[in-house]
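The chain below stands alone and is given in structure tokens; this is the form predicted on its own.
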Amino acid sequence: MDNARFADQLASGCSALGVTVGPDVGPQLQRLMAELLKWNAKVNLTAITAPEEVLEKHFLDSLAVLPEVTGATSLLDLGAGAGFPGLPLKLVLPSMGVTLVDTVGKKVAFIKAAAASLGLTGVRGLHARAEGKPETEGIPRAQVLIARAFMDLPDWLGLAPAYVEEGGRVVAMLGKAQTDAELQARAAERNLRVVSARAYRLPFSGAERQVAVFAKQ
């Protein structure tokens, strides 16, 4: 995918999702893609390797939740994998501190290398397992906790509150949309409330997505 096509696809994808990114973000995302595909040739980071799919299913899927995280000073991405959604969100919101946690050391090594390659500050890759005890795990709490298809929603909502600062939010990036009633029931089980929920589709494949935001009661 050449530079012009990447820029066009990024612009049309962002427009379809209703998000805006600065002019420097496109070249940075291209560098991130090059680094991802270079590493992936040696280390299994992602099954998605076609450039068009990386752009849509990793980059645009990450950027779709910009409205839910904008304004936060700190973001914790649990089960970050190869850095999604945390790294693309950091590129658009450079003043936000981002910690990306994964249990797979090679993925955390990639996150650290990619952040260094992009010259990012305020990014931390952490090799750890989140089991609800942030102090002993060395995982910092954040204003916004986010995960993309990390675990089933009831399990996620049971684990997540331990990692959120007072007054913070839990953001769940889901596949198939759940009804408002289902989300409210899941939240009530964990003494949480639903702040917002919206369904959308990825701009090129049409794949269904939903982002739901929760807060402590």
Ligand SMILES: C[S@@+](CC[C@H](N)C(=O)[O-])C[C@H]1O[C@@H](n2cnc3c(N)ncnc32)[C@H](O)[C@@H]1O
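Bear in mind the structure is a predicted one, so any value in this text is a computation, not a measurement. Numbers follow the displayed sequence, beginning with 1.
Another form, the form predicted in complex with this ligand, is not on view; read the next lines as being about it.
K.L.:
Classify as open or blocked. Procedure: superimpose site C-alphas, place this ligand with its pose in the predicted complex, test each ligand atom against backbone and C-beta atoms at 2.4 Å; 3 or more hits mean blocked.
P.N.:
Transferred pose: open.
K.L.:
Do residue 129 and this ligand share at least one heavy atom pair within 4.5 Å in the predicted complex?
P.N.:
Heavy-atom contact with this ligand at 4.5 Å: present for residue 129.
K.L.:
Should residue 39 be classed as touching this ligand in the predicted complex when contacts are defined as heavy atoms within 4.5 Å?
P.N.:
No - in the predicted complex, heavy atoms of residue 39 and this ligand never come within 4.5 Å of each other.
K.L.:
Would you check, heavy atoms only and a 4.5 Å threshold, whether residue 148 touches this ligand in the predicted complex?
P.N.:
Yes, residue 148 lies within 4.5 Å of this ligand in the predicted complex.
K.L.:
Hey, in the predicted complex, does residue 80 get a heavy atom within 4.5 angstroms of this ligand?
P.N.:
Although this ligand is absent here, residue 80 would touch it in the predicted complex, with heavy atoms inside 4.5 Å.
K.L.:
Contact check in the predicted complex: 169, 179 and 214 versus this ligand, with a cutoff of 4.5 Å between any heavy atoms. Do all three pass?
P.N.:
No, the candidate spot makes no contact with this ligand.
K.L.:
Please pick out the stretch from 117 to 125, 103 to 111, 68 to 76, 90 to 98 that is in contact with this ligand in the predicted complex, where contact means heavy atoms within 4.5 Å.
P.N.:
Answer to the contact question: 103 to 111.
K.L.:
Output the sequence-ordered list of residues from 84 to 100 with at least one heavy atom within 4.5 Å of this ligand in the predicted complex.
P.N.:
Residue within 4.5 Å: 84, and no other.
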